[in-house]
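Look below for two forms of one protein chain, each set out as C-alpha cells: first structure 1, then structure 2.
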Structure 1
Amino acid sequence: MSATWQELRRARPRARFARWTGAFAALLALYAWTLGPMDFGDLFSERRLTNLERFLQVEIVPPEVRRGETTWAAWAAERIGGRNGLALARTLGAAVLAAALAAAAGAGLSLWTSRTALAARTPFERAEVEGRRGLAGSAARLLCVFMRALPEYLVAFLLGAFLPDPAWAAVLALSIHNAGILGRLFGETLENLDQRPARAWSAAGAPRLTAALGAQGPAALPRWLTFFFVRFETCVRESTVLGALGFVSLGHWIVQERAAGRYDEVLLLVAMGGALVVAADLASWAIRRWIRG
C-alpha cells in the first residue's frame, strides 16, 4: 500500500540548521524593520513626498522640455552623441577588454584548478574518483578564491595610484576579479567532461598540457563561452560604476552631473548604461543559444 502525502511529509528529512538559520534571518529582518537605525516612517513624511514631487516634476525634466521648446525624445537624441556617445563606447571597450583578459587568465588557471588536469596526481581520471590535487592545484584554487574576493572598486582605486591611465586600473580590477571566478568555473567544466579522450592522448605519449588542450579544450569551449558571456555582462555593468574613479566612462559623467545638480543629464546617462547592459545581455543570450544549437 502506498504511503499518503501526510506520511511522506512526516518522513521527509529535516535540516535543523537550515530551519534555525532561516528563523534567525527572519528575526534580524524584523529587528531592522522595527528597532534598527532606519526610520521607515520618515520615508513617507510630507517633506519627503514634497521633495519627491519636485524631483519628478522639475529636477529630472530638462529646462528645454519644461519650457516647451523641445520634446524628451529630441532632447535625448541630441545628447546621446558627442561626449555621452564616447563615454558609452569607452564603457563597452573597457568591459570587452576586461572580459577577454579574465577569460584568458581563467583558462590558464582552470588547468590547475581542475582535479583531473595538470594538478591531478593521476591525470584525466574521473574527478569523483581522483579527488586529489597536489600543492600547485590547491594553490591555484586558493588564488582564485582570493582574486574573486577582491572588490573591484577598491582594487581599481589602488591600481589607479600608480598606473598612468585610470582606464587601465578599471580594466585590470575587473579582469582580476572575474579571472578568479572563471578560473574556478572553467576548472569544474574540465572535471565534468568525459576524461577518456584525454586519457587516450596521455596513454599515447602526449604531455598533460597537450592532452588537456587538444582533447578537453574543444569539448569545454561551448560551456566556457557561456560562462564568459555571463561575466561579460557583469563587466559591462561594473565598468559603468568604476567611472566614478576618474575613468571617463558613463559613471564618470554621472558623478560630474550629479555634483552639478543636473539630474536630467544623470537620468539620461543612467538610462544609457541600463540600455548597454540590456543590449549586452541580449547579445550574449543570442550567442549562447547559437552555440548550444
Structure 2
Amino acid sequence: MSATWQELRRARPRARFARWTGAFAALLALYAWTLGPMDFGDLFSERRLTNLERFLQVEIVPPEVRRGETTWAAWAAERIGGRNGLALARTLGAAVLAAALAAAAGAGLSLWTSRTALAARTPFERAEVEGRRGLAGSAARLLCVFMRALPEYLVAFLLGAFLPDPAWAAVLALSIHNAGILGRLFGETLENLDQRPARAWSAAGAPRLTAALGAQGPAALPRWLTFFFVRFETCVRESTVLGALGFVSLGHWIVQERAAGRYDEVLLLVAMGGALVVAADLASWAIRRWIRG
C-alpha cells in the first residue's frame, strides 16, 4: 500500500465553502428559533387561544349561516360573482399584463445581459464594437440584479405614491421585478445556444441584432416560453396581494373587509385567490403541454 487511509483522509479534498455555508445556515436557523423573534409563550397564551377560538367559531361564520338562514355554499355562491368576481378578473388581468410586459422587457434586456447575443462575431465587427459591449453588458446585468432584488410589494408601494392609477403601479411593480429575473434567464438561454448559426449570419453580412434575433430567436423560444409561464404563475400569486395598496382587486377587498371586521368575506376572498392561483398553475401546465405537442 502506498499511503495509509489516515494519510489519505488528512489530504482529502473538502468542499469548504459548501460546508461553512451549511454550518452557518444551521446556526442562523437555530438562533432564529431560540433567541430570535419567536415568542412561543405569547403565541400559546390564554389570550391568543381565546382569540383563535372566537375567530374560528364566530368571526369567520357569516351571520346568516350562524342564524341558520342559509348554508355556507349558498352564501358563498351568492358572493362569488359581482364585485368579487370583477376583483378576481382584475387580479388575473394584472398578472397577465405584467407577465407579458416583463417578458418583453426581459427579451430586450437579454440582448445585453447575454455575453453572446450582441457580441462581435467577425473580425470586422470586433473592431467596431470593442469595449462598448462589455460596459453595456455589465450595466444591463447590474440593472437586472437591482430590479429583481426589490420586492414587488415595496415597488408597488413607491410607485403608487405618485402614479395617478394604482392599477398601473401594481402592474409595473410586478413587471419590474419579473423583468429583472427574465432578463437574466433569457440571457443565459441565449448564451447556452449553439452560436454557429448566428456566426454564419454575421459572416454573410447580417447586422448583429438581425443575426441575434433571426438566428437565435427560434432556438431560444421554447425555453423562453417555459420561463415565461413559470413567472406568470408567480405573478398571479403576487397579484392577489398587491390590491392591498389600493388597486381594486382581491387584495383590496381583503384589506377593506378586514378593516370592517367582516372576516367571513375575508376568508371567501382568500379562498377565491387560492382557487385563482391553482387554476392559473393548471392552465399554464396545460398550455406548456400543448406547446410541446
Partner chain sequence: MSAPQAPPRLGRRGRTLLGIAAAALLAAILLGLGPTGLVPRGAGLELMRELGGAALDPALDYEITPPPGAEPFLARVASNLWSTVLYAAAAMALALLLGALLGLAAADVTWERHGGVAPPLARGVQWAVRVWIALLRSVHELLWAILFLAALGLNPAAGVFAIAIPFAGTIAKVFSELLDEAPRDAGRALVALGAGAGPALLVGVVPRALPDLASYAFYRFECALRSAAVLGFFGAPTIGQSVALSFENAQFHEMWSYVYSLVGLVIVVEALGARLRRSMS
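These figures come from a predicted structure and were not determined experimentally. All residue numbers here refer to structure 1's sequence, counted from 1. Each form is matched to the other, and the largest set of C-alpha atoms that superpose within 1.5 Å is called the rigid core.
Assignment: the form predicted on its own: Only structure 1 fits here, because that chain is the form predicted on its own.
After fitting the core, residue 27 CA displacement of 2 Å or more between the two structures: After core superposition, the C-alpha of residue 27 moves 2 Å or more between the two structures.
Is_shifted residue 279 between the two structures (CA, 2 Å cut-off, rigid core): No.
Core-superposed comparison between the two structures, residue 48 Cα displacement 2 Å or beyond: Superposed on the core, residue 48 moves its C-alpha 2 Å or more between the two structures.
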